[in-house]
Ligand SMILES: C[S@@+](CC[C@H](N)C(=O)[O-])C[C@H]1O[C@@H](n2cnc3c(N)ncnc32)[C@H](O)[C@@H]1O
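Single chain ahead, written as structure tokens, the form predicted alone.
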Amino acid sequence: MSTQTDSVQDNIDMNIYNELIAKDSDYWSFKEDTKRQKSHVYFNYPAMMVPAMQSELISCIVKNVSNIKTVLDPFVGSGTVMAECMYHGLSFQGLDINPLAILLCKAKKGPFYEKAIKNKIDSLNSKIDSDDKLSIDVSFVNRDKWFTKEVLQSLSRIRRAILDENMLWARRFFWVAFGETIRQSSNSRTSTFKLHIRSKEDIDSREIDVIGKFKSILRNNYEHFCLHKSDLNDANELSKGSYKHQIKLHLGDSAKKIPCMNGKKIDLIISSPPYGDNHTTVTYGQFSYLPLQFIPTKDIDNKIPQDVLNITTYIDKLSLGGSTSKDINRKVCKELFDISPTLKRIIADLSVEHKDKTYKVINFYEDLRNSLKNCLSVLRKDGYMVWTVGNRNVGGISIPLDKILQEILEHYGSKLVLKLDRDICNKRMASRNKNTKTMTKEEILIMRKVV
């Protein structure tokens, strides 16, 4: 029986392989299909996945594998995988350590009351226009460094109007547009994900119509909200304006715990994990710090620690490899090196000239290992995984995340079905940073849990 079952699974693997490998690497770059639409445009979140690519991968898995009903993304980010799963009628579970990511996902999942949200937008705009107060309603460290007085006054007018809305689902939709307005109106440069102050000359010369900017973003989000709803309606995935299937979102660390969905195993994992610790790759925490100063945490999640608002680097310290400790456990190192000979070789090479950087790399991969173990613990046997990863450089040495991730997953009972390479188009980062070239390619690993 086991041999017969294995043969069936091997045939499924081969079907997936043949279908996806038939498309060349240029196809997977999606050069002509990188424009974001529907809920994917609500907020300009860092390092967002390509929706069309994820949709293609989901379609292939669902077509070839029976009984795919639930999907997990342990690094949910802006919710690209979640939205694409909704179009395929799948239940979804997502985790992230960033409260702003959880807010974006909660806003994107609905409900989709089109007429009601239009009326609420009109009411909100009227309240903003009729508010002539000049008070500033938020206070935090370095507030006046990051915002001019006039901008703070306008943001406070918008904030007061949103707080006057009594429906949480509508407030969340408004907070997302407000968060993007905050990001664009601050004195931090938008060319980087880090908090980086503009020059005094730039700040003094800027003319920002904060209210107009907010209304424009909100109007654009409403238009894409309607498109999002229309596509879900066409797919027959809505009932009385709400998504028919379950969506569960958790503010939490996948390296510590991933809850089962209703006590059952997950059928499919689709995700793009961080490519390294947030301090030296994408600083999601710094990027999110200013919007979170204005948005009441109770409207996002009731478990957000106060330090998220007090410390600019707090979220990034919680991320994979976020620990700054140089006290590396020898037992941990031996276990990691036994699991991944590739990582052992990289650390040996890195130690020659950049020994100070090795602890960051080891901390990251230890956290990633724990996250992957937790993912596998909630994935059913013969469940599939789709991982989109990039190989970064540290000290001039390429770190093959794709190979290390594969070795970790194989050690814990998974097998590689297929690996695809793709060019990264429309990057939101420079081709070089101050230390090295940034990545221009990504790898897609499709794997199956076999034990």
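This is a predicted model, so every value here is computed, not measured. For every residue, the number given is its place in the sequence shown, counted from 1.
Another form exists, predicted together with the named molecule; not displayed. Remarks below refer to it.
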query = residue 289 near the named molecule in the model of the complex, any heavy atom under 4.5 Å?
reply = no
Considering non-hydrogen atoms and a 4.5 Å limit, does the named molecule approach residue 252 in the model of the complex? yes
Query raised in the report: Can you check whether residue 45 is within 4.5 Å of the named molecule in the model of the complex, heavy atom basis?
Result: yes
(Q) Please determine whether residue 75 contacts the named molecule in the model of the complex, using a 4.5 Å cut-off between heavy atoms. (A) yes
Which of 152-160, 171-179, 90-98, 261-269 lies within 4.5 Å of the named molecule in the model of the complex, heavy atoms considered? The stretch 90-98
With the partner omitted here, the residue among 214, 147, 284, 365 that in the model of the complex has a heavy atom within 4.5 Å of the named molecule is 284
